[in-house]
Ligand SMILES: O=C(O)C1=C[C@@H](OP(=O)(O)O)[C@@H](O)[C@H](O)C1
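Before any questions on binding or motion, here is one chain by itself as structure tokens, the form predicted alone.
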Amino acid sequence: MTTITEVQRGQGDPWSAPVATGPVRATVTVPGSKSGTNRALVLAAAADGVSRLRGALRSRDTVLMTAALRELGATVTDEAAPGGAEPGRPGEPGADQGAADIVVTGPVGAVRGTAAIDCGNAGTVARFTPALATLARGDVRFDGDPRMRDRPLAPLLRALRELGAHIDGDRMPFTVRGTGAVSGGAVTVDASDSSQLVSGLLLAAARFERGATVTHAGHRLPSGPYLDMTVADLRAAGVIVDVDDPTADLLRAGGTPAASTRRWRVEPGGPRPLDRVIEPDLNSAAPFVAAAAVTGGEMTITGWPASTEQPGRMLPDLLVAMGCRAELVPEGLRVTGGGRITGIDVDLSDFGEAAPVLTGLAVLADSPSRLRGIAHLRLQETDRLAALASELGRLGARVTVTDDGLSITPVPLRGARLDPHADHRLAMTYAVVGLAVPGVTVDDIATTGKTVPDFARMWTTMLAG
């Protein structure tokens, strides 16, 4: 788990989470989807031609992705940045409220010297770009934040080697020796720790000479809806993808599988360049709609899609289970708090991103909660399970780490200074709890810039209605 010392904790001024003085009533527009933006960027760089991404997210993770694609020889222009240049990190010159129109000219090509890709702590950059780097010509060195060296990556790199790629190393730092072509074929990968290990293969597979047949064989595959996003994006770009799910077929027949198996066949050819609009990031809406639950208020998220592959589509039902009302209205999604928060017992294996904010709601609930199916959150930006238990414990909360998740028993809480461990979802969770608990302060609120570059201002604006 990523940690910081008490000396480091004392550096800089913590952010004081504002306490709600009454029901929150506001309308919020969240930035574009991080997952959607980075998938679209990779597909655009793999395509032969010009793609335009409208309403794309500008945040640290997408800035890292655009920098990586430039290193691989693609042309990437942010039309909202001065001179079409790449924007800086959130808070630096060139960063705005998180919206951008990005033009990408692909495909990737020759690299200059030894290219260097900084993955930061962005799982999508670390897992989506190595396969693309095999299609460039030249050596590409990958590295990132210290935490990234502990996050799952080896199964992806081994699979790429089996498909014909040349890669030195199984963990960061490693080097892809791109030759401009990969033979492709069939490969089996255990993606039990992250569905991104499969998405990283699928996004580039149409450019392999024989395409690729990728089989997941292992424990239950986490965050399955993100793979549905990948497949939908590939098909929208003209790529032929067949999906076979023997585990689901066995379950429907009443059987009990010993392990999880799923298979994807990507035919060679494509993708084609696209002009597309990026959906709002439904995950980033979670703290804002949670504010309605905490305060008994009403929150409208504009532009909520009527149909989407994003796992955030599950958020309204989860809030209803915790005592809210949720409905689609012409403006988007409207969530109304019920005046109290009810505990929940739920399997979040398909939507682990919701676990931090749901934990924040659970410590404020009137009954215990159990969040299951999220053991893979130990391998995120930080060990989210341990961090939530220890940091919320500073408030007096009873949060217990279980084999596959968290158990929460509500008790009276007090203020404390909390460390998000460089994790955007944790920082947002602390802001939610701070609505009801005076004296909550958050170190490094700027870490929210991973997905919501202007979170602190949006939060105070929300409270002002």
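Nothing here was measured: the structure is a model prediction, and the numbers come from that model. Quick note: we count residues from 1 along the sequence shown, nothing fancier.
The protein also exists as the form predicted in complex with this ligand; that form is not presented, and the subsequent description refers to it.
The site on this chain is open, since this ligand, superimposed from its pose in the predicted complex on the surrounding C-alphas, has no atom within 2.4 angstroms of any backbone or C-beta atom. Though the partner is left out of this view, residue 208 does not reach within 4.5 Å of this ligand in the predicted complex, counting heavy atoms only.
Although the partner is absent from this view, residue 353 contacts this ligand in the predicted complex, with a non-hydrogen atom inside 4.5 angstroms. Using a 4.5 angstroms threshold between heavy atoms, residue 128 counts as touching this ligand in the predicted complex. Proximity of residue 226 to this ligand in the predicted complex falls within the 4.5 Å heavy atom cutoff. With this ligand left out of view, the stretch that reaches within 4.5 Å of it through heavy atoms in the predicted complex is, among 295-303, 165-173, 373-381, 236-244, 373-381.
Residues of 174-198 lying near this ligand in the predicted complex, listed in sequence order, are 193, 194, 195, 196, the criterion being any heavy atom within 4.5 Å.
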